[in-house]
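One chain is shown next in structure tokens, namely the form predicted on its own.
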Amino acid sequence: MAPRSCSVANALEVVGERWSLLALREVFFGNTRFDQIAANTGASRDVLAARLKKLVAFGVLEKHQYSSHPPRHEYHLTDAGRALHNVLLMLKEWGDAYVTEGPLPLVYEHSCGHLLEPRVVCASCGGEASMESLTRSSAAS
């Protein structure tokens, strides 16, 4: 039997490795240079280079040279990369609730002045997208 066709599985092929998500976290934080990303993730240089190359190949990041001697590059988010921002916020929220012990290492405050508690909501009605509120659409095959 063939495995279920699934967008989650397809997405994990691109960003499902630990160092890929941590590299993206760093670029979201404004750390765009290889050495900054390596220092803040703890990834080995060869593993990080492979993950960044893959993210560039899949159009999640763009690579821009900022020095020619020696060649050095910065990594910038594409539209596809920026679209992962909420995914990382939700992953952080889950990690805060179920994995991280003690004080949280990072807390966000929203522009409204309250601490951010990210949620997935329906764009049409604004209702939270809980497991109980969702059904598979017959429009999807």
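Residue numbers here begin at 1 and follow the sequence given. Bear in mind the structure is a predicted one, so any value in this text is a computation, not a measurement.
A second form of this protein, the form predicted in complex with the DNA, is not displayed here; the remarks below concern that form.
- When the DNA is considered in the predicted complex, His114 lies well away from it, no heavy atom lying within 4.5 Å.
- At the 4.5 Å threshold, heavy atoms of His73 reach the DNA in the predicted complex.
- Interface membership of Asp46, defined by any non-hydrogen atom within 4.5 Å of the DNA in the predicted complex, is confirmed.
- In the predicted complex, the DNA sits within 4.5 Å of a heavy atom of Asp35.
- Figure note: of the listed segments 60-68, 87-95, 22-30, 105-113, the one touching the DNA in the predicted complex, with heavy atoms no more than 4.5 Å away, is 60-68.
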